[in-house]
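First comes one chain, alone, set out as structure tokens in the form predicted alone.
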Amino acid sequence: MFLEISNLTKKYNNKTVVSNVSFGVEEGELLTILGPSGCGKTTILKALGGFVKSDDGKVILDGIDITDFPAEERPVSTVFQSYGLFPHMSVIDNVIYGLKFIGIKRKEAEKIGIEMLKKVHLQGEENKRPSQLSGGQQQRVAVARGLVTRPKLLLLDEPLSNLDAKLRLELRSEIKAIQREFNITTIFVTHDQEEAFSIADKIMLMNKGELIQFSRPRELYENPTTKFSLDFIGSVNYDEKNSRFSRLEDVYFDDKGEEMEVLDYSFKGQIIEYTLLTSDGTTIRTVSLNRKGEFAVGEKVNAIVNWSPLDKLDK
């Protein structure tokens, strides 16, 4: 295992914010740490980067115990949510800032920096100041600065949260492409499940400082091991009377199905989300591609529900 974290624990004022967390990441993998605000995901990232000292646990990177290394001695780069760019420096000076600390002369550093700016589609912007760039461009500069020293581990702390929805989608794809090109082991922190699923090789789901589930995205979605995993990931129908649940896509219209009444619907462009009432009074939701028209409120429809038992999940 390229990165191994064992029994990581951190407390603030006797409050445990990360509790005995252990996990590993293979070289070249992109791991997303996912969870609600306050779950401990950023604290884990800061502990890996050397910005906070853990109360217990070990961090082994490429066979070396870096637990007690200060941040500047770790082969780790961190891209923060706020970008952390120096406003008085040009783009190129921001990008190559870290190279002087590893003994690379200015002329060579500029060549390396220009090549890195090409990788993140910012060629020609090297002499501008950060204030002259858009939010998306500033994020690209921060990523370029993080990669230019060729770290063994790249940490991204909610790097897209300050951007609009369309730009987030674009940069999400770019970050994944750059990560693959450099084959750099990466940990990406987010509270956005769609973002996590679209970018991650594996996902680590956190809640209240504890590791809830560690798996590949499809496994996490299709086989949640706890009630929290089920509730946090995707949308769910519950049939409490029969102790069972279904995902929205597990409900589909079929003439052979049970007759239900359309209580409501919401047009969402590519899909339509329906709320249905079953014969026993259970309310369920489903989604349908916007290709076959719409059912009206009060209309009778037939649908099949594929239920799963709730008792297979941990509380």
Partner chain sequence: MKNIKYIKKILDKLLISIIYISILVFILYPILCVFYQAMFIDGSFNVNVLNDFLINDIKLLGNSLKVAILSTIISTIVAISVGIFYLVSNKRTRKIINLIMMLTMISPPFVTSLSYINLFGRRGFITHDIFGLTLNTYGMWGIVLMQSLGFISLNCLVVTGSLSRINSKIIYSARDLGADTTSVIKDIVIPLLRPTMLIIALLTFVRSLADFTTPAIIGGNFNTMATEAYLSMVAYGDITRASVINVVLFIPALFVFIIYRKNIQNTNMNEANELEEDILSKNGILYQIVKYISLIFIFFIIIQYSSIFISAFTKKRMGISYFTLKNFIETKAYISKTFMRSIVYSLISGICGALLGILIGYYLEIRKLRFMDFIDLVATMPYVIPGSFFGIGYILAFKGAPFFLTGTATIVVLNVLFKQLPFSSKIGIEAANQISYETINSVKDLGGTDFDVLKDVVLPMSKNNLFISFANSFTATMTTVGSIIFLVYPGQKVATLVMFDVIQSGKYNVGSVIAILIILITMTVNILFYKVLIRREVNVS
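All values derive from a computational prediction rather than experimental measurement. Positions refer to the first chain, counted from 1.
Beyond the structure shown, there is the form predicted in complex with the partner chain, which is absent from this document and is the topic of what follows.
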Exercise. Which of these residues, Y221, Y83, Y238, F182, gets a heavy atom within 4.5 Å of the partner chain in the model of the complex?
Worked result: Y83
Exercise. With the partner chain left out of view, which of G234, G98, P217, P130 would have a heavy atom within 4.5 Å of it in the model of the complex?
Worked result: G98
Exercise. Counting only heavy atoms and a 4.5 Å cutoff, which of 115-123, 88-96, 222-230, 200-208 contacts the partner chain in the model of the complex?
Worked result: 88-96
Problem set entry | the partner chain contact at S77 in the model of the complex, heavy atom, 4.5 Å | yes
Problem set entry | 4.5 angstroms heavy atom contact with the partner chain in the model of the complex for A177 | no
For this session: Mark R145 yes when one of its heavy atoms lies within 4.5 Å of a heavy atom of the partner chain in the model of the complex, and no otherwise.
Result: yes
For this session: Give a yes/no on whether K41 approaches the partner chain to within 4.5 Å in the model of the complex, heavy atoms considered.
Result: no
Seminar exercise, completed: Contact check, 23-57 vs the partner chain in the model of the complex, heavy atom within 4.5 Å, ordered by sequence, gives K46, G49, G50, F51
